[in-house]
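Below are two forms of the same protein chain, given as structure tokens: structure 1, then structure 2.
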Structure 1
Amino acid sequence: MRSLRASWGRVQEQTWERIPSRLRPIVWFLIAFSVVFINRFDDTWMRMFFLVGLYATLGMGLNVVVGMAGLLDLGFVAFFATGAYTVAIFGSPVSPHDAHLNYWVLVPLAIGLGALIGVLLGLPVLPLRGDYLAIVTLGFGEIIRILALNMNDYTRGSSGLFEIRKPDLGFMVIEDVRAFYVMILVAALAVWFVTSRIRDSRVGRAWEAIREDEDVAAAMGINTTRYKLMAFATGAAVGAIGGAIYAPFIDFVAPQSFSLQVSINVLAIVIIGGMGNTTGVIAGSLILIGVPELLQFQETADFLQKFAWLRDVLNPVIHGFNTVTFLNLPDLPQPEDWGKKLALYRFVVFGLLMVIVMVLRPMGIFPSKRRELEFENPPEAELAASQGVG
């Protein structure tokens, strides 16, 4: 087992060594670009950027759980929902339990509740084997949705909560999609800072050790249950932050927004982007969230219109194929619909990619946490040296 893993490691290092460090400028350039030219993009584009930022944030949260601590959480949506519902239940005039609280008071409450639910959920399961956690979280994600649907006195069921109070900065109220984009960007940077600081600490090392070999980690004095709970709670808190920002942005909090698909989205971003790797998570979010959104744009449809001739070429081929094989394949759809059709198949692609990535490249498409070390995580030698001076 070890030799197989080691040989995989070697293949990865030889082939992919430099990818993330090359990727990094591209990712940061895109982010900077979207800020500098923030007024050039219309709302559809800004919405896409917001969603990419949101999912990158959620991805960084789940990355703590899955990538760093090696705990498979399939119900991340539960914490996202906790954050969104906290802000909505206590901060919306339509809610039966409106507490008339300022948004900024509700955010820490959401974070705290998210972490608490994470701990309560993890407590019974985390001491057990890892795969039980996967199934319990999977079920729990679904339970949260059912609870939200049925607890009408709090959530108004499927009618949902809206008119959620917007974040008020004193000098301006965050209402515009651009403002929300900047807000999620700030949140993402904060989460990135916090999670990478933790990763480079004793806690992060304990998580990694647990991921590598839980028994040995315990033999080194690490209270594995405690650290697993910490990872779970940290991830949950980040999920809740995402929810707390999403709620006023979308201004409609209802159970249908919190399906299993959200969990799968976030998990796919973490897995495909590269476990344990922040740039990979952002890149993953750009590809897995940004591209499907992009495909649904009017611009894309207009652009695809140019390929109408492809339809005239391929349809006769399909007809011919149908006559030979007695199949009944449909004609190609109108070119302007191609993007939307493709976007529809995103989960088919996600699923396939998850399998391919696991089979061919178990550390993600943009792996090499080790190469990242050169950037984010200076070798302990330099770390100590710089700290010794400071």
Structure 2
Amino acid sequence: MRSLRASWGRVQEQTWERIPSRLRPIVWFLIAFSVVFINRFDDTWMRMFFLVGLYATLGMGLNVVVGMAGLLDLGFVAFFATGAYTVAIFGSPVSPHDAHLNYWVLVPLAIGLGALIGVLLGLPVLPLRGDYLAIVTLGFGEIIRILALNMNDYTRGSSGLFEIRKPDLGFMVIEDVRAFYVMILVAALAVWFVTSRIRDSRVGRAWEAIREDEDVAAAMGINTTRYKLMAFATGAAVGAIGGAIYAPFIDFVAPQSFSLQVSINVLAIVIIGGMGNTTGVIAGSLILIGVPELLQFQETADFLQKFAWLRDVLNPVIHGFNTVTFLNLPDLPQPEDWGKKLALYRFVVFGLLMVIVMVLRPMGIFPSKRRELEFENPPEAELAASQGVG
């Protein structure tokens, strides 16, 4: 027992040491925020925090496939849908196949089915790489959505499934948005811990070798078929976890909730956050999911009104600019309308932020050390330096 505690202590210490020192205050802030300030926000804010945690979890799952193993998967939404529909089909009273099972029995079932479908997807695409792999996985995601739309005997088609059974802890039933936020936060921390440990394990090093050069990895004795299937299965299991939590939270599962846009959002989170780094995925989720939601909040509009003086400063500048040019730029609207305009054009602001991030940090916000070195020292530069060119 003492040796087990010592081993667990070493695991905790090693995991904490993997977090860069500049990020540790952020981790402490998130923990303190979740514990102390959770009751100070209304349901709208908590819904945003839940979505950020959900997409962070999904992003860490896709990061295993794309960031660690280098397999470009555009059908990740299929695994997300698998987890959601498993919980809904066997845990909704309106489902033709309601098994009246406890939610905590359905979650392992959803994870297992997700991993199985991940393997089934991986088998036919093993020879494919790059763009071809992306196209095939994209089609697989659309196949799952169309199947859900047409299998009325199981999914009720476009009518969807609702009144999904809530997680029951015995002493309480998780129904409040704050309780679901805590639930997704625990899931995200668990996935972060597991994927961080895998990254530095033998499996993680095999994935990185496959990502860098699959032929060389195979020549070195790595069973690329086995490890690629493991990557698909691991990522799919994490996606199913997200779907299993999302279904009772939203209390409605329908095919239109699992479009290609979900896969694109998760992939963008991985790329902008930093491929191969689980901590960067969390930052990417905060930017891509949190910012568009935040821009349409009333609190954001109220905050902008504090800068009403900018209208008196900038409008004369706009008038002078219109005088010396052929342009006819409009004046800034009244401060009370800034919030409405920002909510209306929030995706323009969001797109501008994405462009700024990708220009300033092309490798991602918090990339893995290996990928950061690759951007700073590209292979062409290393080859030229070794040959004495330049």
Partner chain sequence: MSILFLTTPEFWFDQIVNGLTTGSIYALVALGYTMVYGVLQLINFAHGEVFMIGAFAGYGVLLALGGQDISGVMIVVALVLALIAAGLASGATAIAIERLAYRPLRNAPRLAPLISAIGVSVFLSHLVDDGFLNGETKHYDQIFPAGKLSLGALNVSYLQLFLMGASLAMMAVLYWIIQRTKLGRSIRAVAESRDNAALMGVDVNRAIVATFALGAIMAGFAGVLYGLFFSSIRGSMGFIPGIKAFTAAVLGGIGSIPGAVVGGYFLGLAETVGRELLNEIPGVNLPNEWKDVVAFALLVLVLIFRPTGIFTQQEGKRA
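Just so we're on the same page, residue numbers count up from 1 along structure 1's sequence. Rigid core (definition): largest C-alpha set, two forms, superposition within 1.5 Å. All values derive from a computational prediction rather than experimental measurement.
Only structure 2 comes from the form predicted on its own. After superposing the rigid core, the Cα of Pro316 is displaced by 2 Å or more between the two structures. Core-superposed comparison between the two structures: the C-alpha position of Arg129 differs by no less than 2 Å. In this overlay on the rigid core, Trp45 has a C-alpha that sits less than 2 Å away from its partner position between the two structures. The shift recorded for the CA atom of Leu352 between the two structures is 8.5 Å, with superposition on the rigid core.
Comparing between the two structures on a rigid core frame, one finds that Leu342 has its C-alpha moved by 6.0 Å.
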